[in-house]
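First comes one chain, alone, set out as structure tokens in the form predicted on its own.
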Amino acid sequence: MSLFAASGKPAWRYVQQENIVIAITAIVFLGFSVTLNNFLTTSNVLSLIQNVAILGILGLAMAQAIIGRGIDLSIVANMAVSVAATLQLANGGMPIALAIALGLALALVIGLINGMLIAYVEIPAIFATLAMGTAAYGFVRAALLNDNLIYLKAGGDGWFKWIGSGQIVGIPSSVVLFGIVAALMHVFLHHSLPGRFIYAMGDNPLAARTTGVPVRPTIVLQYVLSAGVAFLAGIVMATSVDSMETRIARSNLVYDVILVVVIGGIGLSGGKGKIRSVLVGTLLIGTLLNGMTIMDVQYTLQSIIKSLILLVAIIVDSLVNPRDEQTSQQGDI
């Protein structure tokens, strides 16, 4: 059997990465179910799918940025400070709807600044978003927040608490919201003009600009959208545990988000990948993290394992989606 297809390219390049990830996820889930006593319990499965939902929503935001040849390293910091500000305003007596509106506005402003720096100042996305995430965390933490850990006070509007802790016909509301956001992101990327612009930019930014794609405004839209979706993920997280820990901005969560996106099949070279890639990547990484937590694997060792998986995923991505001349000119990751 030939190792090369008719086109002369290695035949393994036509194997669907998503199918491989699904198979690995099934094997990992089965292995944990057999070997870990507390893995297949109702409480743990509910915890798993809730955590998967939060990670997946963040992955959707990151995916559309990477498809357009960008990256948003400020996504977790933006989520943490904007949602913490929302909780603090609500705890201070502000109507919850107004507090949410102001928190969302803060998140969108951070995303807008990211987009402007990348599109108009032409700072590479990896540096602009890394610096913006650090700046936003420091400024908001010092100017608006009383503590690193902001609790959601008892009482208030039940619908707000329901966002992260409710159920719809027995399905956690967080999972339902993840599904809705995934469906909307799919429609946006594949059935709207701005979504097609994002794919065009990722595939070949020079050709996209030449053919009339409004590259700069589309880049700004990407990062504003990323910020809005991150804010939703933060609301889900905060209402599921009744608090927001701003120090999560300094954690490795952003790398988990990148791992979810890359391992599912979103090409770092841009212009490639679909929303279902994020879904399958989320399932695998969420299951793996849950299993390691039950096994009480030390945080440092978990970080090493995740780093090695991310490294392998990037190597595979470089083989499956080789960088072209246009990509090398971008100066991105």
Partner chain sequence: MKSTLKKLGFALLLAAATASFASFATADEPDDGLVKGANAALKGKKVAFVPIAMGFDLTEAWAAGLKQDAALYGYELTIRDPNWSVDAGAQAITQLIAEKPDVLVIHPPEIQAYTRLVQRANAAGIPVVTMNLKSGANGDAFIGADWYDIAVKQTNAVVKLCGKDSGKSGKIAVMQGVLTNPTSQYGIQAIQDVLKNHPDVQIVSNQAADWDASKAHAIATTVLKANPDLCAFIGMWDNMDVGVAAAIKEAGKTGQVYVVSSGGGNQASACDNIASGAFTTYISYDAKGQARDLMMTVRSLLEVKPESAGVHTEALYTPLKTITKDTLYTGACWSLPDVQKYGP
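Quick caveat, the model's predicted, so the values are computed rather than measured. In this text, the rigid core denotes the largest set of C-alpha atoms whose superposition between the two forms falls within 1.5 Å. Numbering follows the first chain given and starts at 1.
Note that the form predicted in complex with its partner chain isn't included here; everything after this is about it.
In plain terms, the part of the chain that comes close to its partner chain in the predicted bound form, with a heavy atom within 4.5 Å, is 145 to 153 out of 101 to 109, 145 to 153, 226 to 234, 87 to 95.
Proximity of 50, 141 and 294 to its partner chain in the predicted bound form is complete: all three residues have a non-hydrogen atom within 4.5 angstroms. Put simply, residue 193 is far from its partner chain in the predicted bound form: not one heavy atom of it is within 4.5 Å.
Contact check for residue 173: no non-hydrogen atom falls within 4.5 Å of its partner chain in the predicted bound form. Interface residue remark: residue 137 is counted as part of the site for its partner chain in the predicted bound form, having a heavy atom within 4.5 Å. The shortest heavy atom separation between residue 218 and its partner chain in the predicted bound form exceeds 4.5 Å. Of all the residues from 266 to 291, the single one having a non-hydrogen atom no more than 4.5 Å from its partner chain in the predicted bound form is 290. Remark: with the core as the superposition reference, the CA shift of residue 277 between this form and the one not shown stays below 2 Å.
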